[in-house]
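Shown next as C-alpha cells: one chain only, the form predicted alone.
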Amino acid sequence: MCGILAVLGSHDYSPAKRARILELSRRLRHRGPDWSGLFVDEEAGCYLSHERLAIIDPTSGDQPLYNGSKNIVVAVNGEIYNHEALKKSMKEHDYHTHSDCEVIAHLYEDVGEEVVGMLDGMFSFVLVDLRDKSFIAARDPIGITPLYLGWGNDGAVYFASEMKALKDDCERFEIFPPGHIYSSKSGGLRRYFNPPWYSESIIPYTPYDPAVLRVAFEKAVIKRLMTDVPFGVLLSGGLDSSLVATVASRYLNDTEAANVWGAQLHTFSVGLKGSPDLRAAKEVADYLKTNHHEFTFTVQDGLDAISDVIYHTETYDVTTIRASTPMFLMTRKIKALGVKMVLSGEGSDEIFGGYLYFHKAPSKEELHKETLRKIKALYLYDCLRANKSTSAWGLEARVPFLDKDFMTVAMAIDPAEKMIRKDEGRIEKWIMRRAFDTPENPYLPKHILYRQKEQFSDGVGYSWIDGLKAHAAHQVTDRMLKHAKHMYPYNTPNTKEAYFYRMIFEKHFPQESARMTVPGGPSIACSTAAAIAWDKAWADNLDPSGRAALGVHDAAYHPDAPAAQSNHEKGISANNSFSSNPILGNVLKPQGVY
C-alpha cells in the first residue's frame, strides 16, 4: 500500500506551504517507505504528494504518474489487476514506467471520468487534468483501500489515505465513500459502482453451481499473484485463509512470481501460545507443504501495542481493535523477513453469511439483506483493519474474496443456498466448503474444510479478549463508565473496554470530525444492529466476539444472567480463566477450544 495526500484549490505556494505539505505527507510514510514524490502546479492550484510502497516495477514506478504528454497527473494507492488487458484494448500510448497504476492516466485521456468503472483492482487515487485545471478522486467499489476527504479554511479540498494527514489542517473531514468518484466539474460525489446485486430490494435466484464458484475464486486468487516483490499468505487455519493458501499454492508454479521468488509459498500465522489458530494453521501449512512462519505474542505484548494500533487504524471500534492488534504485531515480523505483500481472507463472511449469528437468520431474504449490509460496511471494519494494520509497517494486503468478478458470481446465487441448516450438515459458508470438497483432488483436509468459524480476535487465543477486558477494568472506574454519556455523547461507550479505547482515540484524534468517522450501534458476534432482532436472547448479551453467539459457538460465553455479565465487565471470565489481578503476562491461563 502507498500513501497519498492531495490539496486542490490552494492559493498558497510559499516555501512554508510546501514544507507543510511534506510534513503532512510524512505522516503517511509508514504506508510507503520506499520513495516520496511531490507534484506542484500553481496554475492548477494543486499539490499531489505520494509515499510509495514499491510492489510492481520497483525501479521506475515512482509516483505521481503521468500520461504521455504529461498534462494528466495521478497519485494512486492500490493495484490495478487488469492493467495489461486495458492496455491491449486502448489506443497506443507512450508509457513512462511499467507500473500497473500508470494506465489510469492514459485511460482517463481516452475516456475521461468513465475510467473508474473500467478498473479491476483495489485503489484510491487523485487525478489532475492540467488541460482544463479539473480533477477527480475515486475509491474502489468496496473500500479495500482507505481515503478521506477534507476541507481547509482557505477553500482548498484535501484528500488523504489516512485522516492523520488531515486532522490538523482541515476544518472538517470525513470518509470518502467506496464506489464513488469526486469530480471538480460537477462539484461533488457520485456513485459509479451499481451492480445488480447491490440493491437490497432484489433477491437473487441463480442456482448454485460448485464448479462455477470454485473457478471464479481461483481466478481471483491467481489474479493477485501479480508481484515483483516477495509475498505470502496470512494463514489462520480457518476456511477462508486456508482456501486462499491452497489455491495460491496450487497455481503459484504457473506465475512469473514463481520464477523470481520460488515455487514454495510462504505462509504466516499469529496467536497466543497454544491458540486454536496456530494449531490449525500449522496443520494446513504441513498439508500444503508451505514455508510456514509462526509468530506468538503475549497478552502484555498486545496491551503495550494498543495505543499504536488505535493511532494507525484510526478507530475506537471494539471488534476492529481486538482483531487489529495481533495483525499489527504479526505484520511487523513479516516485514522484517523482507516480505512486502500478502494475501488475506477478508470478505468471505460478509458474502456467504459466515458469522455465527447467521445461524439464526429467519429467512433467505433476511440473510441476503444482512450480507448486503455487511458488505457495504466492510470499509469501516475488516477492510480498514486489514489495510491499516498491515500498512502500519509497509506491507500490502490483497483480498481475493472481494474481487469484483468473484463477488458478481457469489452474490448472484440464490441466498437459500447460503442458509445454515445444521440438521442437514450445512454449516456456515457451506456452499464455499462444498465447492472445494473435491475428494478426487483435495484442496484441504476434510476437518479443516469444515472447521467452525472463528473470528480472528477469538482464534488467536480466547485469553486475548478476556485479557483486554480485564485490563480495561483496571483503567476505567465504575464512575467513569456511569458518566460516559457526558464525556462522549456521540457513540457513547457502554463497556469499560470500549471506554478505554475511546480515551486513547481521543488523545490521538480529538477533532469532532475524527470521532464521527467511526461507526457505532449494538452488535452480536459482528452483526449489524438489525440482525439482533433475530434472537431475543442476544439483546442481553451484546458483544462483538463470536463467543457471544449463545447456542451456536462451541465455546460460547456462559449465558448466566447478571453474574456472568458483571464478571465480564469487571474483566473476570465467567469460567475463571484468568485472575482478577492486574494483567501482567503470567496471570492468564490458556483456554482450549478442542
Partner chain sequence: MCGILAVLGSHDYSPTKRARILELSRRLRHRGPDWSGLFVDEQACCYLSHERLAIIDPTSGDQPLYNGNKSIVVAVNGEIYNHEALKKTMKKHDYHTQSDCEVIAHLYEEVGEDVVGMLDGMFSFVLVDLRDKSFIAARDPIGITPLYLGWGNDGGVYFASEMKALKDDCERFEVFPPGHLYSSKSGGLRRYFNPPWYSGTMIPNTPYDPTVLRTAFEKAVTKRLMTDVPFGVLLSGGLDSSLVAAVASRHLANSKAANVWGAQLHTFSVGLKGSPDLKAAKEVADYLKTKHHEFTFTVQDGLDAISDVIYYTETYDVTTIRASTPMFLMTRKIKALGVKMVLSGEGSDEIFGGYLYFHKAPNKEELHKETVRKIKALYLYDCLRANKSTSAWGLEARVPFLDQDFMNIAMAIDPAEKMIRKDEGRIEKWIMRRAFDTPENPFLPKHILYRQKEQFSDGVGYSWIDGLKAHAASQVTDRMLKHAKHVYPYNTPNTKEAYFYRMIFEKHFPQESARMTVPGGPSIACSTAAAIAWDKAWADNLDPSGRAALGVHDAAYSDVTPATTTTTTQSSHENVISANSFNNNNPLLGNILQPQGVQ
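Numbering follows the first chain given and starts at 1. This structure is a prediction, so every number in the text was calculated from the model and none was measured.
Unshown form predicted together with the partner chain; subsequent notes refer to it.
Heavy atoms within 4.5 Å of the partner chain in the model of the complex are found in one stretch of 418-426, 235-243, 85-93, 302-310, which is 302-310.
Taking a 4.5 Å heavy atom cutoff to the partner chain in the model of the complex, the contact residue among K133, K333, R250, R373 is K333. The closest heavy atom approach of G45 to the partner chain in the model of the complex falls outside 4.5 Å. Using a 4.5 Å cutoff between non-hydrogen atoms, G32 counts as a contact of the partner chain in the model of the complex. Mapping the unseen interface onto this chain, I351 falls outside it, with no heavy atom inside 4.5 Å of the partner chain in the model of the complex. Heavy atoms of S36 reach within 4.5 Å of the partner chain in the model of the complex, making it an interface residue. Contact here is defined as any heavy atom lying within 4.5 Å of the partner chain in the model of the complex, and by that definition not a single one of R139, P445 and K485 is a contact residue. Of all the residues from 487-526, the single one having a non-hydrogen atom no more than 4.5 Å from the partner chain in the model of the complex is K507.
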